[in-house]
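To begin, one chain is listed below as structure tokens, in the form predicted on its own.
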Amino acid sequence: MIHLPPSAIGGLLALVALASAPGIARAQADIFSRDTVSGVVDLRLGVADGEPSWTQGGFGKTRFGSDGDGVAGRFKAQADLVWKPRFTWDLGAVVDLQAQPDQTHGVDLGEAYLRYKPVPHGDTRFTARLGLFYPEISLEHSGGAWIPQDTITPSAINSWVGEELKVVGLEGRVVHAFAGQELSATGAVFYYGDTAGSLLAFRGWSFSDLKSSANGHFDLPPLSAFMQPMQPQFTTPVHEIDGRVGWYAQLGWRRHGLSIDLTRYDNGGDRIGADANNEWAWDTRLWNLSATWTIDPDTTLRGQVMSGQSFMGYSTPQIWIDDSFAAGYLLLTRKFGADALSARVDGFQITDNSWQAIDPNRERGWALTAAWRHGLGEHADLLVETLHVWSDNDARPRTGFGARQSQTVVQTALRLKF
């Protein structure tokens, strides 16, 4: 189970004390009521061709895959139960209990954090949160259940955010409004992000709505003979190994339907720390630039570009893993009453800078996504999506497939909200 480090516990106590001070706690608590509990049930049916998915022990890029011969059908049911208690006017919490059939634990915590949001005075407002949460990087996810809104499958960038960038930390955010625009600054320190980068190195990018959980792990595709003695056949995304603090910072600007955010993330890993299972403390750093343009009330264009590096292991004489990674996408959504059509194009790559002959990790590819969302009422949505991915991955021949593969997945999802 996750245990908060002493610094996080101290921050929690400080937030509670601040929110309980006279003049700040001005509202009656609302712990359990219809306003504090919500949820979503996702009933999924998909068909896919191509190679086995990474969730089936292959190098397939998508959540659903075939066996390389013909088309396979898949049915999945998953759910999130979200609790948002309010302890005072300023202090509340978000707890997401998620059920995912492809996770180590069928039911586990998704996010769980305290949220401090005092009443703003003037043009400046402040918020903070403490606990288990995702950094504010994705433009595609929203809500306490952290699900993509206009597609079934998020982009490569935000699929990876959901898989490996969840942290246990303390975050503060300041927003200042002036002259019809807003400037924001966010900073956070965190633990439990030490293995970030391992999925990219051993599997490559993916297109999947699977989310990491507080106590779960993801199985890895077959490892090279070079890495098999040094890495287990799984990775634990929410994991603290070296006791070092990571951090991220974000600057944002918004005006007249246009928003731009620049994020720097550094998990602070020492690269050579390992636990009893031989999971390693990766050194992973990245830049993320995101933008949203609301062209008109019914049309939105969103895009992100991410670039970073991951290092792991000793120098013998080269570092065991030295990868540079990059990805980007553009997503256009157009609403038509109760319907919305979305189209997205993705590009992604991984550059292998060490031991390429015996442990190849190079990858490049692109993807096209088209999705239709139809509102069935206040509490239900029907989504249909087609996703085509082409990729070239040097590690893929370990599973008997050629390095170059393409795959098409067609999915439909019924989302029931309460």
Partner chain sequence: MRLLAFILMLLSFGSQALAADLAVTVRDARGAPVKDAVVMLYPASGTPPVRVAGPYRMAQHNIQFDPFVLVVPVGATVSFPNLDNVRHHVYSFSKPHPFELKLYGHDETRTIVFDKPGVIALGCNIHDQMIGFVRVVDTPFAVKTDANGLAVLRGAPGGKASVKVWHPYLKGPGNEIAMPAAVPGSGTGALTISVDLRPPPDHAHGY
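Residue numbers count along the first chain shown, from 1. All figures in this text were calculated on a predicted structure; none of them were measured in a lab.
Although not depicted, the form predicted in complex with its partner chain is the subject of the following passage.
**Student:** Heavy atom within 4.5 Å of its partner chain in the predicted bound form: which of Ile319, Leu330, Ala128, Ala274?
**Tutor:** In short, Ala128.
**Student:** Of the residues Leu262, Ala338, Ala225, Val119, which one places a heavy atom within 4.5 Å of its partner chain in the predicted bound form?
**Tutor:** Going through each option in turn, the one that passes is Val119.
**Student:** Would you check whether its partner chain, in the predicted bound form, lies within 4.5 angstroms of a non-hydrogen atom from each of Asp123, Arg173 and Thr292?
**Tutor:** Per the other structure, all of Asp123, Arg173 and Thr292 touch its partner chain.
**Student:** Using a 4.5 Å heavy atom cut-off, which stretch among 275-283, 254-262, 98-106, 341-349 contacts its partner chain in the predicted bound form?
**Tutor:** Going by heavy atoms within 4.5 Å, the stretch is 254-262.
**Student:** If you check in the predicted bound form, is His217 within 4.5 Å of its partner chain, heavy atoms only?
**Tutor:** Judged by the heavy-atom cut-off of 4.5 Å, His217 is well away from its partner chain in the predicted bound form.
**Student:** Within a 4.5 Å heavy atom cut-off, is Asp392 in contact with its partner chain in the predicted bound form?
**Tutor:** No.
**Student:** Is Glu182 close to its partner chain in the predicted bound form, meaning a heavy atom pair under 4.5 Å apart or at it?
**Tutor:** Yes, Glu182 is a contact residue.
**Student:** Given that its partner chain is not shown alongside this chain, does Ala29 nevertheless sit within 4.5 Å of it in the predicted bound form, heavy atom to heavy atom?
**Tutor:** Judged by the heavy-atom cut-off of 4.5 Å, Ala29 is in contact with its partner chain in the predicted bound form.
**Student:** Within 4.5 Å of its partner chain in the predicted bound form, which residues of 34-55 have a heavy atom? Give them in sequence order, or say none.
**Tutor:** Contacting residue: only Asp35.
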